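Just one chain follows, in the form predicted alone, and it is written as structure tokens.
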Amino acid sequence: MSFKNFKCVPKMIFGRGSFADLDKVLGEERKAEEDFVVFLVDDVHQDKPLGGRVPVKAHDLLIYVNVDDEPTTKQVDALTEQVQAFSKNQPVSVVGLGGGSTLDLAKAVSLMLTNPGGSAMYQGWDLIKNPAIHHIGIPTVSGTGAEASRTAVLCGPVRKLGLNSDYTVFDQIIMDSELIAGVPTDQWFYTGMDCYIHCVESLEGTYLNEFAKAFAEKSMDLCREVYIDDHAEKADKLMMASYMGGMSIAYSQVGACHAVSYGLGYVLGYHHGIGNCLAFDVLEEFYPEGVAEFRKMMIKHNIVLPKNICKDLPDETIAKMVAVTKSMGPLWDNVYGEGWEEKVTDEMLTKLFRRI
């Protein structure tokens, strides 16, 4: 038997106000006068106080990225070309500042600067051949676990699937809970529920082990303090829950909710957080306790999910979603174990989607 040898983020700074240390961290990477850094910043921060605090030097490249839609392989390839056109040299670091989508873009661009061809070639598991450019993740929304994970999730020409690799993992993260102040309530909820669902899927899965369990249980406790108890330090707690939820699935796997959500996201364009919530709400057969608690959290925070979005869709649209969802082999293996292929039928998935 061989055991998973997975990579963690090697360096991290945690604490309120720690964003101010970014310039010092980048100073360690800048060795020569011509060395430059690429900053990929969510465009919601453009012309806002945080945008003005990004420590950009005269010869750096600052790109405000739009993540109104899910990140795509096309977007990654275009950003990579923009960096290559900017200089004949490679950047010394790629910094992602924003939510999970922006962090995934930063991870993907850092990989594509050192690996030939388009990013769609690398959607899958361990297809990346060359180490990435040094890259730093700074979340301004908490929940996805993108700061901790070995994947950069992208919508490609065929399906929504991550660039899953040890090289994807950030070299450095900065977790400053001051940065998540002012996130709209619905986004705060949907993104945080991604974390909560990571824990449910990990704890209920066939891949569960004591490593994954330790992180998932603590992360879930923190989620409850945030979304049920409304704790005074909920920003710090959610930031740690997000990181620990990401760590939990690093040594286990997500499950049915993420598989269904990938189908929704790829075909209908739903963002990952709300896509997970839409999927989770119909998965009581898989996760009865988790779904019941999730619904209590929705009531407490006045969250109303869209209803009947798939009920009257054409059969061919549902069939596309089913195909994407069915292709998530490791996720279904975590749900059912060996022989999952017999249980994950087109009919079963079609019924689930029609209920969303």
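The first residue of the sequence shown is number 1, and the count goes up from there. Source: prediction; values computed, not measured.
Note that the form predicted together with another copy of the chain isn't included here; everything after this is about it.
The stretch in contact with another copy of the chain in the model of the complex, judged by heavy atoms within 4.5 Å, is 212 to 220, chosen from 67 to 75, 212 to 220, 152 to 160, 184 to 192. Another copy of the chain in the model of the complex comes within 4.5 Å of no heavy atom belonging to Phe86. Residue contact with another copy of the chain in the model of the complex: Met247 places a heavy atom within 4.5 Å of it.
With a 4.5 Å cutoff on heavy atoms, His258 does not count as touching another copy of the chain in the model of the complex; it lies far away. In the model of the complex, another copy of the chain sits within 4.5 Å of a heavy atom of Ile13. Annotation: in the model of the complex, residues Lys7, Ser18 and Asp166 each come within 4.5 Å of another copy of the chain through at least one heavy atom.
Only one of Met121, Met240, Leu113, Val282 comes within 4.5 Å of another copy of the chain in the model of the complex through a heavy atom, and that residue is Met240. Distance criterion of 4.5 Å from any heavy atom to another copy of the chain in the model of the complex singles out Met175 from the list Val226, Cys199, Met175, Ile128.
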